Every structure is written in C-alpha cells, then in structure tokens.
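Shown here is one chain on its own, the form predicted on its own, set out as structure tokens.
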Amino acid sequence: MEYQTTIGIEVHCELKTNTKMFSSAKNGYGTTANSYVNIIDLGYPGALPIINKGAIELALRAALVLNCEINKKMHFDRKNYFYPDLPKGYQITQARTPIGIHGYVEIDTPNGKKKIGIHDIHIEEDTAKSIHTAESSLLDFNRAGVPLIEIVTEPDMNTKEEAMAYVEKLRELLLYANISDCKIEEGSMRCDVNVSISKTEKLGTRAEIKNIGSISNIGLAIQKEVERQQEIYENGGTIQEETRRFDEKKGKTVLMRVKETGNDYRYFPEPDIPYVVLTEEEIESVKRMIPILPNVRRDFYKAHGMSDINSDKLIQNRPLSDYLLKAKENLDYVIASNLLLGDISAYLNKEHKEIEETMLTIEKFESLVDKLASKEITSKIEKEILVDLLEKPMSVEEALKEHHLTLVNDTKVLEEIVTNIIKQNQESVQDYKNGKDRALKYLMGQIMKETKGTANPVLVNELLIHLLNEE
C-alpha cells in the first residue's frame, strides 16, 4: 500500500487598511524602520487599544468570499508568550470566537472540482519584524499591530498540486475582493504548511513548515518533506512533531525546533476591548461591497466564447479585467480579449501604463471591436490607428479619416485588382483548382498587399472565389 499524503495550510494575510489593528499608526511597507509606530504598538503601560472598524469589515468580507458561517458576536483574546518581537508579552487574537467558520475554497483538479474546507478565519495583530545580522538581532516595529487574518484549512489536500492550487485560488479571491495585496515576497501573505503521510486511515504525525516564500516553493517544500518522511519510515524510524522551514538553496526542509509539549498560551478574553457584535444590516452592507469575483468573470467569458487561455490571462490582469466589465454584453468578446491581450497590452507594457491612464474609453474600444467584428476594418488598419486612439481624444472614425484608412468597398475597383492578381499568379490559380487551400490564402494575401490592407476582405474573398471558378 502506498503512502497517503495529508496536507493542511495556515495562511496569514495582512489587510489593506490605512492604519493598524488597534492603533492610529500608519499601515505601510518599505519605509524607514520604526517610523510607523506609536505607544500602543510598542506596548507602553496604560496604552489602550482601539478596534479598527475597517479591519473588521475586510475580515468579514474575507469570511463571506470564502463561504464561511459568520460569528455575529466576537471577542478578542490575549495569546500569552514571550518573544522579542512581541513588546506587550501577548498577542491580541481571536481564539474562541473567530469571525468565520466552516467555509471552503473550490479548486480544479484532474478529477474535477474539489472543495478545500476552511476550519476558521480569525483576526489578529502582526508582530514586529526581526532582522538578524552576524553581530545582532534588530526589530522593526512598523509591522507590529498590522491587522491580519489567519485562514486555517481542514486537512483536505493530498498532493502538492492541490496545495498550490488552493493557495493560488485563495490569493486570487483575496486580491479581487480588495482584502489584501497578497504580496508573498513582501511578507503580506505568509504560508505555513502541515504535512503528514500514512499507510492507514489514521493520520500520520505532522511536520509544520513555516513561512514558505512562494507558491512554487510550497510545492517543492511538500515534495521534499514527503520524501524525508518516507525515508524515515522505510528505515524503521518514527516521525516526531516538528517545526521546519524550507531551505531553497539546499532544496530541502530544515529542522527549526521539536514540539516536545503542547504550547500553553493561557488564552483569556482581552479585558480592554469590548465584544464586537455584527448586525444583519452590517453583513449585508459588506456583501454589497464585494466586487465581481474571478469565477463569475470566468463563467461570463466562457458563455461569450472566450478561450480558457484568454480568460485566465485576463483574470491575472485585474485592470484589464475590470476595464472589460464595463463593456456592453453583446460585444464580440473573442475579438475584445485578443485585442486587449495583444496590441493593447504590448502598448501598455512599452509605455508602463495602465489602461485607465490612456484615452481609450470603453466606448471607443467597443467601436473598434465592432468594426473589426463586422469586417469594416482589418487588423492591419486597427494597428495603424491604435496608438492615436490610446493617446488622443479622437473617435475611431476620426482616426480612420486622419490616416486616410477606409475600406475599399467599390466592387468595380476591387474586381479589377483581383483580376490582375489572378493573371499575375497563374501557378497559384492552378494550385487552387487542384484543391490546395493554401493557394486561396496566398492570393488573398497578394490582394491585401496590393491594397495596403484597405480592401474589404469579405468582398475580396467573394470576388476571388467567383473569378477563380470562372477561370
């Protein structure tokens, strides 16, 4: 019997608030150390915490997005332990009344969709950041008191691919709901993974791998930890409960400490913070503030014929996805997505701009897509006028006029051009009659080249086939 892998994940995610969880100090990143602090963050005696209402609303939004049951009456608890990055000697968290319980995140697997259970979501404050050098350890209290949510899964994952898919989907949901910036590389989203293996239905002894720095490393860390545990079992050893970390350079998990006894944090209700009571009206108000989430967008794109590849690329580019949401429903979304992800993205990347910083209003974009869909203009013409549409307050019609780019629809003019191309390319004409489809495409290309892309391709195609059949 093969080993069965069981995985659970704990994610700490900083909330996108202006100020900290219990103080008025700024919630920011990347500034001078110890510049966003006050007496509450530093644990001065007598300094009393004040709840950040915005953090409660963002945590509630996260609980709703992750399909949780909402705890309408909550209190905060003191988690008592002593460490240099915790100036008060305790952390304010939610131990007994988390804001959300019994939720789930749905992921795609080779065997179909799978729900990963969320045990709970609870609110807490972050600690200071420890910086270790060869000579000393330093503390940056800018992070102390930053509002966090901790999202704890059930042990529902069985492969590294499922774990990576879960974190990716969680990150996507939190980003789209404007809950967190989820920058793993900056520490605003931190992942701890619990891994165990067993050949029976009874779960094995788990090892916790702390603070994994990227989604790809989550997969690597799980793989290396599974291999380590299998080797121990195969050699007749036993697994002890440990806290480990993933060493990217060594490509393996490394022991941090052995969990000899359970931690006694002596939780008790925080006496300086009153109970938080959520009303149905407040919950409904937060629900209404949730933006359109990725799965709803994917369903809409799919219903309008967009490919899965384009759909995923748009979801990954939030500004473009938000822009496209403003478009009318009867737009040709296949052409629209190709245009956004192709020529428009190329321009935006080159100019280091977001689409909202350009002059391409959604009305101009719709007009451009409609003209491409109706064959009024070709992609060559679109490329000629696109920069002007992005940089100048002109309509599609005005841009076409300025560039002297209008499709030739005169049948007599086109017939003369097509006839000349046929006379000049008798070998391709013979290939067409012999059933070679590429010959027709070649002749079309020669005609479009002759007209510099201004000939109406629909008319040209009809005329070309008609004249070829008369040859």
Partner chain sequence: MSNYLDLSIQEINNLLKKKEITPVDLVEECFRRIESNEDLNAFITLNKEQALEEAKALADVEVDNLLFGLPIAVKDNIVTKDLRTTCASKMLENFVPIYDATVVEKIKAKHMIIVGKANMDEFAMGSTSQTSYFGSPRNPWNKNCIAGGSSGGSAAIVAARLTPFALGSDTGGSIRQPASYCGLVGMKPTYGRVSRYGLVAFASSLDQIGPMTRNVYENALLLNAISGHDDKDLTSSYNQVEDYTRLIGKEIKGMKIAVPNYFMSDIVDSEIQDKVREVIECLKQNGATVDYIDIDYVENAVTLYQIIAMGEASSNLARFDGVRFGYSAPDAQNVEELYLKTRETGFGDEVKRRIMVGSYLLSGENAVTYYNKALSIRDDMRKSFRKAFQTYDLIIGPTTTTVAYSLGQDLDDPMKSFMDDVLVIPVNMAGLPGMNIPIGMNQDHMPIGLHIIGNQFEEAKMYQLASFLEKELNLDLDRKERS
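Positions refer to the first chain, counted from 1. As the structure is a computational prediction, the values presented were derived from the model and not from experiment.
Separately, the form predicted in complex with its partner chain exists; it is not shown, and the next lines address it.
Asker: Quick one: does Asp264 come within 4.5 Å of its partner chain in the predicted bound form, counting heavy atoms only?
Answerer: It does: once its partner chain is placed as it appears in the predicted bound form, Asp264 has a heavy atom within 4.5 Å of it.
Asker: I'd like to know whether Lys364 contacts its partner chain in the predicted bound form, with contact meaning heavy atoms within 4.5 angstroms.
Answerer: No, Lys364 is distant from the partner.
Asker: Is Val105 close enough to its partner chain in the predicted bound form to count, meaning some heavy atom within 4.5 Å?
Answerer: No.
Asker: Heavy atoms within 4.5 Å of its partner chain in the predicted bound form: does Gly219 have any?
Answerer: Output for Gly219 is no: heavy atoms all beyond 4.5 Å of its partner chain.
Asker: So which of 118-126, 175-183, 343-351, 73-81 is the stretch with heavy atoms within 4.5 Å of its partner chain in the predicted bound form?
Answerer: Going through the listed ranges, the match is 73-81.
Asker: Counting non-hydrogen atoms within 4.5 angstroms of its partner chain in the predicted bound form, say which of Gly236, Gly112, Pro274, Pro393 makes the cut.
Answerer: Selected option: Pro274.
Asker: Pick from His304, Lys326, Lys252, Arg96: which residue has any heavy atom within 4.5 angstroms of its partner chain in the predicted bound form?
Answerer: The residue from His304, Lys326, Lys252, Arg96 that makes the contact is Arg96.
Asker: Who in 140-170 is close to its partner chain in the predicted bound form, meaning a heavy atom within 4.5 Å?
Answerer: Only Phe141 sits within 4.5 Å of the partner.
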